[in-house]
Every structure is written in structure tokens, then in C-alpha cells.
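The data below hold one chain only, encoded as C-alpha cells and taken in the form predicted alone.
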């Protein structure tokens, strides 16, 4: 799955003097406060950390309450989905107009009706809501399905993802992994159709515009030349 990265970071943790005898616990508490929140400085949501080295020298900071700063190096697991990345999550709810997914157990995602490709048809079977593929009988999406989808946008404040199932390489992970050749062929066909449509649009945009008055004038001039040529031949 895309959107995950490991980053080596050099940090400074500020500890209150009352915690001087329990510095390690204070540091871990501060690092834990970063979890599952988006950090602009770190450019991602912190999912996990591993403190590898600690400085034995602490710098006391001036102030009414003189905190001291402890320098440390940590390895951070960050999550930052961006547009056109592929993510995977578990379907927790679906209806005729949307599919709701949980990614990594904490980030919610939604795929609305207009972003679900046409081959998927909404049905209710024995009281269970499901999206069935009209092209591939065994390709189904229902509650509990592990879904692979494309990121359209990511709200960093509420950690909410807007996704898409339009590309052929999205859908049930289980089906996609078992039928790689089928969706690769469909994906190539889709790209060819897209390129063909783009070429047609480019031709429509760039084709020469013929002015009726100019055409008429050119035609008149051509007729005059033809008449003059015939008179010369007759004489």
C-alpha cells in the first residue's frame, strides 16, 4: 500500500524539572501525544515511533518554569496519502450511493456513487448489500471486503479520505490479486480509449477554421481564371 514512509527525525523534547528523575517516561509520553495526528513539520500522520538514541546532555531553558530540552533521534512511521496513490482498507458500510472504508484502523474513507465505475451494480442479496461486477462474476464488494482504491483527496485536519473506484486496478484486493491479467487487460483498454478521446479532442481544438466569405472569394477568383484561360484558348 502507498502513502506510508519511514522517516529518521532529530527531535527535542521539553521536559519539566519535576520529571527529571523519570526522563524516559516523560519523553515517551510526549512522543505518544504525536500519534494519529497530522504534523506539518513531519509531513504526515505519526503511526509509530522508535527512539534509537538519547543525548545524555540536557539544555536548561530560561523562563518562569525552566524546562530542559533533551535531544533524541527517532525513527517514525508516517502516513500521508496523496492524490492518485493506491490505498487499502476494510469496507465497514455500503449503500446504493456510497462505500465507507476504514484505512489502517483509524482513517475513514468514502467513495461516492459517481466515483464507482459502471461495472459495479448495487444489489441486495438475502438482506445483504453488495456491489456486483457485471464484467466479472466473482468480483464483489461487501461489508468486510478489503478494498483497494485510488485517493482523490485527503483532509489533514480530520484525517478523512475521498476515494475512487473508477480505475480498473481498483476493487476487491482478493479478486485483483487472483485475476491480475484480467484487470491489466481492462486497464490497458481503458487507457487506449482515453488516449483516443484525447486525440479527437486535440484534433477538434486544432483543426483549421474555414471562413465562408474567404472560400467564396477564392472560388470566384478560380472561376475568373478559368474563364480567362478559356477566352485565351478560343482566341
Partner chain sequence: MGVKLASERPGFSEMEDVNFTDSELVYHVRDALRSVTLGDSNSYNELIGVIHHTEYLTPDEVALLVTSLKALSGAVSCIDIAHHDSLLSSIFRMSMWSYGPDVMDALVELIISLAASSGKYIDSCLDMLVSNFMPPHYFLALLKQPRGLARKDQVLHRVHSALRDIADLVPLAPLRLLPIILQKMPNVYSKEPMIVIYVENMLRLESGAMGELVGSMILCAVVDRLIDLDVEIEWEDILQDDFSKGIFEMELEDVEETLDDDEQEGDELPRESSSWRRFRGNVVAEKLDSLLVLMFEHLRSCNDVGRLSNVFETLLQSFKQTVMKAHKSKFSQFVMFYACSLDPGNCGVRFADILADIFTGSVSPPDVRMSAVAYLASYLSRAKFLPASFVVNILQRLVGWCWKYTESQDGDINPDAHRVFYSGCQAIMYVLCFRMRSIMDVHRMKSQLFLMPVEALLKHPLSPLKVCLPSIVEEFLRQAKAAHLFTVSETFVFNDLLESEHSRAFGGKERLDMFFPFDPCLLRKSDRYIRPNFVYWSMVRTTYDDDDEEGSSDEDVVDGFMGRSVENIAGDAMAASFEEHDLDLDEFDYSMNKMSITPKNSSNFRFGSELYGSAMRMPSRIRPSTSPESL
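Numbering follows the first chain given and starts at 1. Please read these numbers as outputs of a predicted model, since none were measured by experiment.
Just so it is clear, the following notes concern the form predicted in complex with its partner chain, a form of the same protein that is not shown.
Although the partner is absent here, residue 95 sits far enough away that none of its heavy atoms falls within 4.5 Å of its partner chain in the predicted complex. Its partner chain is not drawn, but in the predicted complex it has a heavy atom within 4.5 Å of residue 155. Not displayed here, its partner chain is approached by residue 110 to within 4.5 Å at the level of heavy atoms in the predicted complex. Taking non-hydrogen atoms only, residue 114 approaches its partner chain to within 4.5 angstroms in the predicted complex. Between its partner chain and the residues 124, 102, 134, 83, the one pair within 4.5 Å by heavy atoms in the predicted complex involves 102. Proximity to its partner chain in the predicted complex, defined as a heavy atom within 4.5 Å, holds among 150, 76, 130, 159 only for 159. With its partner chain left out of view, the stretch that reaches within 4.5 Å of it through heavy atoms in the predicted complex is, among 116-124, 141-149, 102-110, 68-76, 102-110.
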